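Only one chain is given next, in structure tokens, and it is the form predicted alone.
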């Protein structure tokens, strides 16, 4: 492609890069080559909406992995701009930063095909289109006609410059790599050798709880009814799906989903004493409706009998039935997954909620709480104060 006289071409490639892999590098090199970029800059995500990463030193780890991967390509560079920001990072602001850093340059912004369909949910999509030429890396998962219609729509609405990258088929993901590393399987040839060596030598992604997932699953299966196990498998599938979409650790989400009903068959008459013996408060609604206590009992059981130490997982199990105000991302994933899992057929508005959950967990949570309260009122059941408080908080998203 012919370059504009006297103008530099700078490619911006953002993402979690957790970890960076060969497909990322193929996309970057294709963009650099096909669009004659002077520099392709990798910008690992810093503080992002709805993102949770692995490890307390995650930024350092992702930076080191990126440096390992790009060290032998002079056309590649790394920017830690988003790491250095204390605020949530939005793409339009990142592009403005590079506009200031490279005045007069032509900016090219790389996105995946899936992001093209989510683009209008991003903050200020019109500003993104003003600042950069968008290059789309295809995975071959969408109908060509649908893809063309989406591009035309964005071009008409935002005057966007959008082009496609020609890349050999290569369907791998960071999620798959983390799963392989978690299980101790080889990731050679999927990531650059330097990245693979770093992951192995630093024992990254080897969550001991995740490594015991199959063992926990076998134990749980022997302690619950078949129908509950089928429900649990549905919640695991839904939680994994939501975690991937909303950029949360899939392994943690799967463990919380696996164990969310682990105390479902504890005799009801034992639940109050079980909670009190562990200094867990039991409210009046729970004393009247003992079935509600399976969540609090489940959190205790997950820690004592399944060896779960992660506080996020335990908290998600504890609040999965009633919800609570200001839930964290995992809390919402499990709360929603429990409701929309594919084996559930009788709850109201299921198809709409399943679709909405992919883009807006807060609104989905509000609607589920609303439906739950309506059901409890119609059936004359006791309403837990926590459920009402949760709805009072989340109704702002309706």
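Residue numbers count along the first chain shown, from 1. Nothing here was measured: the structure is a model prediction, and the numbers come from that model.
Quick note: we don't show the form predicted together with a small molecule, though the next part is all about it.
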Whether 252, 303 and 315 jointly form a contact site for the small molecule in the model of the complex is the question; each needs a heavy atom within 4.5 Å.
no
For the chain shown here without its partner, which stretch in 113 to 121, 238 to 246, 150 to 158, 319 to 327 has non-hydrogen atoms within 4.5 angstroms of the small molecule in the model of the complex?
319 to 327
Hey, in the model of the complex, does residue 261 get a heavy atom within 4.5 angstroms of the small molecule?
yes
With a 4.5 Å heavy atom cut-off, would you call residue 387 a contact of the small molecule in the model of the complex?
yes
Heavy atoms within 4.5 Å of the small molecule in the model of the complex: does residue 372 have any?
yes
4.5 Å heavy atom contact, residue 228 and the small molecule in the model of the complex:
yes
Looking at 224, 292, 78, 165, which is the one with a non-hydrogen atom within 4.5 Å of the small molecule in the model of the complex?
292
